[in-house]
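Have a look below at one chain only, the form predicted alone, in structure tokens format.
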């Protein structure tokens, strides 16, 4: 590819946390440039945000509809190649569908849509158009998560038996949504977040990580969802028993009222021959415990890891790689795949490893089924897609 891919961003303007993260990640490898934006639903903020990011006035839009319509009419060598949607959950589906209908590829925040029906409609449109949709399940971008996945896929642990995955946070231990915290306000509002709170926000990350590393899909679940903070409208805590393909069993915990915790995502996977452990707050390390030999500690940037970990590592061993780098790996792999598609070439097999619309559907199905299980007296709920 002899040029950068041109990105149009929807949402993520002044004061928005995740928009800045997406821009940093997209820019990290020099493969993508921000060329247009509809950065806020409030006109003044959209225009001011465009100026702050040095976007041309004629490509700073005040609605995603305006951006998609006008960009689609520009010459091919000028218009954007894809949109990045970084809005709250309830403003995911419409811009994504419109972008696909106008021939634009899509990068979208998770959960992919507001409900499962919308997710299925997006899948149908992706299939119809042949366009790419990338879902930013960030944690799958870490090199040592990819190392864990490759080891499991290659049979290093033998047949997988057990998965423990936990995601405790403490930031919603008080009724923060009533104290002016805008991030808390929309995430705890069922009209904006959807039917799940903590399970939709971080439980989907945990479920995706369990399926991503093991390669096994969740088939049934048994959930206990809780509202711990009086006055909150959506779950802020939950525990889920999992049944997965090929006889794998698991436990998933997600809580946003684990006082004092930051983002303590951790997963442990056990097979017949050994187990592995990865923690997001110590992301460069993968602990591998063996049944018949000493424990190994594998580290990012060292020669003893596989091709997927090497492909997604950016610095020499001992130099921390974290959340932004993992996020950037998602964008880079998407960009390499899209660039190869435009050129009619094949990307490296490692570049094809990023979450797509299928993972988005599974995330929305998980939300539906975990809420249904939490409201049911029946022990096991089928994880229907």
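Please read all numbers here as calculations on a predicted model, not as lab measurements. Numbering follows the first chain given and starts at 1.
The next section is about a form of this same protein that is not shown, the form predicted together with another copy of the chain.
J.: Determine whether any heavy atom of residue 259 comes within 4.5 Å of a heavy atom of another copy of the chain in the model of the complex, and answer yes or no.
T.: Residue-level check for residue 259: yes, a contact with another copy of the chain.
J.: Is there any non-hydrogen atom of residue 152 lying within 4.5 Å of another copy of the chain in the model of the complex?
T.: No, no contact at 4.5 Å.
J.: Is it the case that residue 56, even though its partner is missing from this view, gets within 4.5 Å of another copy of the chain in the model of the complex, heavy atoms only?
T.: Contact check for residue 56: no, nothing within 4.5 Å of another copy of the chain in the model of the complex.
J.: May I ask you to state whether residue 123 is within 4.5 Å of another copy of the chain in the model of the complex, using heavy atom distances?
T.: No.
J.: Within 4.5 Å of another copy of the chain in the model of the complex, heavy atoms considered, which of 161, 192, 195, 310?
T.: Looking at 161, 192, 195, 310 one by one, just 161 meets the 4.5 Å heavy-atom criterion.
J.: Quick check on this chain: which one of 247, 231, 180, 130 has a heavy atom within 4.5 Å of another copy of the chain in the model of the complex?
T.: Contact check passes for 247.
J.: Between another copy of the chain and 48, 81 and 93, in the model of the complex, does every residue show a non-hydrogen atom at 4.5 Å or closer?
T.: Judged in the model of the complex, none of 48, 81 and 93 sits within 4.5 Å of another copy of the chain.
J.: Select, from the options 102-110, 207-215, 82-90, 292-300, the stretch whose residues sit within 4.5 angstroms of another copy of the chain in the model of the complex by heavy atom distance.
T.: Result for this chain: 292-300.
J.: Taking another copy of the chain as it sits in the model of the complex, which residues of 253-275 have a non-hydrogen atom within 4.5 Å of it? Please list them.
T.: Going through 253-275 in order - heavy atoms within 4.5 Å of another copy of the chain in the model of the complex - the hits are 253, 255, 257, 258, 259, 260, 261, 262, 263, 266, 268, 270, 271, 272, 273, 274, 275.
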